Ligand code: PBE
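Below sits a lone chain in structure tokens, taken as the form predicted alone.
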């Protein structure tokens, strides 16, 4: 549906319903009907195999009103581009997303209610390490075990990285947060070129944390190799000693299946961030508040 037609519907329908004596709830239902049709019963998504993509596929099965809905599986960059374009033109879009994310600082967005909790409750991001890391590299292990930061910290790096490389954004954050770095590294000894292999996932959240940790370890003398892979490969690499650690697992929902598959083959160092969540978002100008407001494909 073209922008002008969508706006015309939003303008005319309320007047029509007032003339007919209908309740405001009917207006909301028609808005949801128009929006569902306008996005062609499709969620704008990211990569196939990502946690939010798999959860959204499950959500479509959970809700009867999502019958016939699909996910446009593209990429994180593709989702963000589509969101930016839709908001610039004030057009409807319904997208998969997650918090933390810099898009919440850039745009006025709404997170749709998910009464069935298909996308899961709030999650934590955990640190995992290969078995034996504490004995082999005690300094690095101690820092990883202490590593913890806030959503605002991560979003600061992510937002900065939209203009400069992630490595520079992470360095800027490290330079500005010496107190936190000191808490993680207290009592740690410098090393002389000892190798360390960080395994991450290719999304901005994990690129932020992994690049910050890489700099912290490099400043202590480690030669850090940072590799971005799919979640299942991340767990496999840590479990098979092909990597030293990862700061990336979202649990218990997003990466829960992979965690269970490899459980017992790695060490869980606990959360490095709390309060993260998978979400379905719409621009604030769309009069939709819940996944249940959406309409099935006719």
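Residue numbers count along the first chain shown, from 1. Remember, predicted model here, so these are calculated numbers, not experimental data.
Absent from the display: the form predicted in complex with the named molecule. The rest refers to it.
S.K.: Please classify the binding site as open or blocked after superposing the named molecule from its position in the predicted complex; blocked means at least 3 ligand atoms come within 2.4 Å of backbone or C-beta atoms of this form.
M.R.: After C-alpha superposition the pocket is open.
S.K.: Out of 176-184, 200-208, 142-150, 127-135, where are the residues with a heavy atom within 4.5 Å of the named molecule in the predicted complex?
M.R.: Looking at the partner contacts, the answer comes out as 200-208.
S.K.: Residue-level question: is residue 234 within 4.5 Å of the named molecule in the predicted complex, judged on heavy atoms?
M.R.: Taking the distances in the predicted complex, the answer for residue 234 is no, it never comes within 4.5 Å of the named molecule.
S.K.: Using a 4.5 angstroms cut-off on non-hydrogen atoms, would residue 46 count as touching the named molecule in the predicted complex?
M.R.: Contact with the named molecule, yes.
S.K.: Indicate whether the named molecule has at least one heavy atom within 4.5 Å of a heavy atom of residue 196 in the predicted complex.
M.R.: No, residue 196 is distant from the partner.
S.K.: Though only this chain appears here, would residue 50 touch the named molecule in the predicted complex if you measure heavy atom gaps against 4.5 Å?
M.R.: Yes, residue 50 lies within 4.5 Å of the named molecule in the predicted complex.
S.K.: Taking 4.5 Å between heavy atoms as the contact cutoff, choose which of 272, 254, 56, 36 touches the named molecule in the predicted complex.
M.R.: Result of the distance check: 254.
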